[in-house]
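One chain follows as C-alpha cells, the form predicted on its own.
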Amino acid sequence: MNDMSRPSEVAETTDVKMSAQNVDVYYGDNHAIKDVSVDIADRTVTAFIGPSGCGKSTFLRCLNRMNDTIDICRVEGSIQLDGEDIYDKRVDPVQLRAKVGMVFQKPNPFPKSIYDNVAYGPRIHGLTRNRAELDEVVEKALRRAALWGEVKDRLSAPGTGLSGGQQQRLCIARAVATAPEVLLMDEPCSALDPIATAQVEELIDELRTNFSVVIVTHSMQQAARVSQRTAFFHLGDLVEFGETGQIFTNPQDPRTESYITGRIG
C-alpha cells in the first residue's frame, strides 16, 4: 500500500489521460459545478475529496457522461479523453463507457451468474469471437479484481450471493472486463466493512499499473492511502488540486486546510 511519503514525481512524469477545461454543470437553475479545470494523469490514482454536496460525484459523472441520464442536467465546457472531446455529438456514450468504466457506491451486481456479470460488457461490445476467448477475458478480469481464487469453482452461482466486499470486487471485475482506459469509482468502499475496504484499497493500488483511476471518497485517510493526486472540492468549486502529500501536509488554500483539519465539512 502506498503512503504519504510516495514521491511526487509519480504523477508528474505521467501523460495526461483526461483533461477537463472550464466545466460547468447545472441542474436546472442550480449551478452545481463552477468553471472546473483538471488534468487526470494516466496510470495514476486521483482522489476527489470534499464535504457532502460539494460536487465531487457530479463532476466524476461528467467524465463518462452519466449525467446525460438526468433530464435537467446541463454540462458546459470541454472534457477530452486522449485529446478527443467526449461530448462531441459523434461520440456514442455507450462506447465511451466501455473506455471509461464506473464502479458505484453500493455494490450492484446484475441478477445473473458471476460469470455472466463479468461477460456482460465484452458480449454487448463484441470484444470476443468465441466462448474460449470470453472465458479468458472473464478469468483475467476476475484475477485483476483479486476475486478469481474465491469464485473460480462457482462461476455459475449468482453474483448477488457473494458477500458485500466480494460483490464490489465483482463490480470492479465487470468494469475492467471491457479493457477500459479509465476507471471511475464513486465512494466504492462506503458500504463495506474495514477488511473489505482494505482489500479494495489494495486492489486500487494494483489497478493503477494498467488504468487511470479516479476515486471519489468521503474519507481523507483513504485518499491519503490510495491516491497520488488529490482534488479538493467545496461548494461546486475546485479549490485545490495537486500531489496528495502536498495537499495533506502543506495545503495552499485556507479552505483546504480547514477541511483537512476538520473545521469544515
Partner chain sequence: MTDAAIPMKRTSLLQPDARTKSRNAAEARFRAYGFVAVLVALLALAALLVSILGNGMSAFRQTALTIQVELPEATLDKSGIRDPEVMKKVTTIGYGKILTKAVDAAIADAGIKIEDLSGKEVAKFLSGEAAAQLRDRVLANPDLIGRTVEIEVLVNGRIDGYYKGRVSAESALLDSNVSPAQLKLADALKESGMLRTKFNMAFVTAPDASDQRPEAAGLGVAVLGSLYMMIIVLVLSLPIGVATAVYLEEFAPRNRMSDLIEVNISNLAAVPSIVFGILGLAAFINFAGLPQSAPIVGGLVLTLMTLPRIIIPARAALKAVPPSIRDAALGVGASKMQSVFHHVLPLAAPGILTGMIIGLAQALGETAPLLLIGMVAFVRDYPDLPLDGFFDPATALPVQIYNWTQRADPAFVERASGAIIVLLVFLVVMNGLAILLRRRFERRW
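Nothing here was measured: the structure is a model prediction, and the numbers come from that model. Positions refer to the first chain, counted from 1.
One more form of this protein should be noted, the form predicted together with the partner chain, which is absent from this view; the next part is about it.
With the partner omitted here, the residue from 98, 155, 134, 75 that has a non-hydrogen atom within 4.5 angstroms of the partner chain in the predicted complex is 98. Interface residue among 66, 196, 207, 239, judged by heavy atoms within 4.5 Å of the partner chain in the predicted complex: 66. Figure note: of the listed segments 161 to 169, 137 to 145, 75 to 83, 105 to 113, the one touching the partner chain in the predicted complex, with heavy atoms no more than 4.5 Å away, is 105 to 113.
Within 4.5 Å of some heavy atom of the partner chain in the predicted complex lies at least one heavy atom of residue 124. When contacts are judged by a 4.5 Å heavy atom cut-off, residue 178 counts as touching the partner chain in the predicted complex.
Taking the partner from the other structure, the partner chain in the predicted complex has a heavy atom within 4.5 Å of a heavy atom of residue 71.
A residue is said to contact a partner when one of its heavy atoms sits within 4.5 Å of a partner heavy atom; residue 61 meets this definition for the partner chain in the predicted complex. If you take 233 to 256 and check each residue for a heavy atom within 4.5 Å of the partner chain in the predicted complex, you get nothing at all.
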